[in-house]
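This document opens with one chain alone, in structure tokens, the form predicted on its own.
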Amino acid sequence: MSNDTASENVEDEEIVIDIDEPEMTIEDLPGVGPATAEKLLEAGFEELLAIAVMSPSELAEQAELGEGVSAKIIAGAKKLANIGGFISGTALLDRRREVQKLTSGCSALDELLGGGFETQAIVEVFGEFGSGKTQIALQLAVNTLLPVSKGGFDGEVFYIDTEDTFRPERIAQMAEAVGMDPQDALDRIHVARAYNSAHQTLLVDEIKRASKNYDVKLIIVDSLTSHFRSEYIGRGMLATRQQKLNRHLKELKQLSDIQNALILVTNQVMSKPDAMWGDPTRAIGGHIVAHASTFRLYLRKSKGGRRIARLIDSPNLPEGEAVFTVTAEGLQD
């Protein structure tokens, strides 16, 4: 073979240089030595993104650091995690492709939500007693355990129970209905009873720590506002209640983004007697809960044991309604 021919073949070949960039960790943050890194790890901060989205005061409190040190660490984490600047709409669309959809087992409800309950979102479900809020929570807990091919997440569930409404017997019923071993389902659903609002918020930190060992895909808070409502009474306590509730919701949203998980919160309602027309039912928590929730579903009873779910808020879907029933096997059309 002539030198010219050899030269042409070399030019035709695609030369690929594989450069494996080392993944940045908290040890790479400026000013973070072994002692500080250990404090961050003990506080549950393993991912740069988890640090980047914190405020200096929150990081200082949780990791037992000074606010000045925390501010520097957060600034470094933002830089290394590359979240400080603007990104193109195309890049954001690529990121949105990571979002997963969870089936409810009810086609009408899935269609209402654009294909199912999605990750990286807080979904608020509110309605009167007996409207089906806890039943949706239990059904989604079971469905999360299903393989992705069957509309599940194949992940773990963490359930914060504030009203003692979680029933393992109901989980077993629903698991059998979808062809799952009830014992396996119960083993993968981790439940904690929250006895007050402070305990409720601390349990979110426990979930952060548990995410080191578990693939957390669904976090349920049933219900979100019951403790806050009973502990902070009167107008004089309203601002304090809303601030604590806002912080609680922000921490849940951070978890949903970091874990690519779904957050489902149920909410109580009150009647607004001064409403001149329309449905006087209003969700507890006011604008704080409304703005923090990505999707809001209002449930109400109908005739013949049916339930109606109305989508009243969504960033990309129109308002609409879906009719479903709650049977021994779970949610059905």
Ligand code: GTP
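Since the structure is predicted, the reported quantities are computational estimates derived from the model, not experimental observations. When you see a residue number, it is the position in the sequence shown, counting from 1.
There is another form of the same protein, the form predicted in complex with the named molecule; it is not shown, and what comes next is about it.
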* Taking heavy atoms only, is residue 150 within 4.5 angstroms of the named molecule in the predicted complex? -> no
* Just to confirm, residue 307 within 4.5 Å of the named molecule in the predicted complex by heavy atoms? -> yes
* Taking 4.5 angstroms as the cut-off for heavy atoms, does residue 129 touch the named molecule in the predicted complex? -> yes
* Contact of residue 104 with the named molecule in the predicted complex (heavy atom, 4.5 Å) -> no
* Asked: Which residue among 154, 118, 257, 163 has a heavy atom within 4.5 angstroms of the named molecule in the predicted complex?
  -> 163
* Asked: Of the options 100, 211, 201, 135, which one has a non-hydrogen atom that comes within 4.5 Å of the named molecule in the predicted complex?
  -> 135
* **One stretch from 165-173, 109-117, 232-240, 193-201 that, in the predicted complex, holds residues within 4.5 Å of the named molecule by heavy atom** => 165-173
* Going through 303-333 from first to last, which residues have a non-hydrogen atom within 4.5 Å of the named molecule in the predicted complex? -> 307, 326, 327, 328
